[in-house]
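Given next, in structure tokens, is a single chain: the form predicted on its own.
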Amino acid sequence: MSKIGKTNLNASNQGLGCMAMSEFYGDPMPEEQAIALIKKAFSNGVNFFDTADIYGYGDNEVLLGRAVASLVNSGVARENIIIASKCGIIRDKNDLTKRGTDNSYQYVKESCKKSLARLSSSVGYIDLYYLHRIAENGAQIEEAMRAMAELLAENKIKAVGLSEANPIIIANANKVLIHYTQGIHQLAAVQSEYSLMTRNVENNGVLAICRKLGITFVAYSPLSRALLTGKLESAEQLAKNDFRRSVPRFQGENFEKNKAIVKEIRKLAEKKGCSIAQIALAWVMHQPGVIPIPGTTKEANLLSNIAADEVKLSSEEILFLNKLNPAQGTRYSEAAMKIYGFEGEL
């Protein structure tokens, strides 16, 4: 188990990202199958579940809430389940062109109210509530943290996080949250993409500021959106409505170069008698203060990911993996980065 920041929340060594169950990677999973997958994860030691208000336009929160309700009704104590959700990205099911970010006080308060309603009374509160993206280059951070402080005081959330924030914004948000909570709370977690293929946070100061301030780093896409499974040979394997078709690192020459990186990892996986994905997850879990949240829609992949907890890497093996080339191609399209306020690749 890993403590999230300086809170009393004790999370499993890896969590479960629930996004793909509702959107982005093809058609949504049937609800019964998705709930069964979440419950299977919990029964195999995973207690940290990640969602957001925009996944499936709220459907993912509803789905996770129903899974938690089923667990609670079967006798599981709610405090043994950690629910993370997020707000701050603007989407509209009735206007698919509507995109943007909002970290305003009123937006954060109203978003939390709506998320709690979708998650249901069985969930009752959100353990870890993130700003999903940073609006206006951090201009609204102070009012966002004021809203978060009130939500903490109201027991609607237990801890606060940021997603895709730079070190300056992380430090400022942390300082402001401490101020508004009179020193009771600080930022608990920062989330960003991190994997053997995406290591920006090692070089841009994000991991360093998290470790300095005692903030847990939560790594999403630790398998680089399935590139690090060794199972993708062509983008044609992806569903027509899979957003990865628009991602540069899944296209053309970039994709071929990225598959060459995977071949290098395969050599180590074969030597150790485990999967490529397990090597990739084990590498992330070997990083101090980091919790990965791989997502999946398949039980076999879920159980394989969980088994990565048992894969031990020697210092020589970690050095070998550290020397691998980074992925070719950006992790989002240029249009997506512009819409959601990314500073390049962060």
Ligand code: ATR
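For every residue, the number given is its place in the sequence shown, counted from 1. On a predicted model such as this, the values are computed, not experimentally measured, just so you know.
The form predicted together with the ligand is left out here; the points below concern that form.
Hey, of 57-65, 309-317, 296-304, 283-291, which bit sits against the ligand in the predicted bound form at 4.5 Å between non-hydrogen atoms?
Stretch with heavy atoms near the partner: 296-304.
Contact between T216 and the ligand in the predicted bound form at 4.5 Å, heavy atoms?
So T216 does not count as contacting the ligand.
Is there a heavy atom of A277 no more than 4.5 Å from a heavy atom of the ligand in the predicted bound form?
Yes, A277 is a contact residue.
Under a 4.5 Å heavy atom criterion, is M19 part of the interface with the ligand in the predicted bound form?
Contact check for M19: yes, within 4.5 Å of the ligand in the predicted bound form.
Is it the case that T229, even though its partner is missing from this view, gets within 4.5 Å of the ligand in the predicted bound form, heavy atoms only?
Heavy-atom contact with the ligand at 4.5 Å: present for T229.
Looking at R244, R118, K156, K272, which is the one with a non-hydrogen atom within 4.5 Å of the ligand in the predicted bound form?
By the 4.5 Å heavy-atom cutoff, the listed residue in contact is R244.
To verify the annotation, which of these, R249, K86, H185, R225, has a non-hydrogen atom within 4.5 Å of the ligand in the predicted bound form?
Exactly one residue meets the criterion: R225.
Taking the ligand as it sits in the predicted bound form, which residues of 191-222 have a non-hydrogen atom within 4.5 Å of it? Please list them.
Those in contact are Y220, S221, P222.
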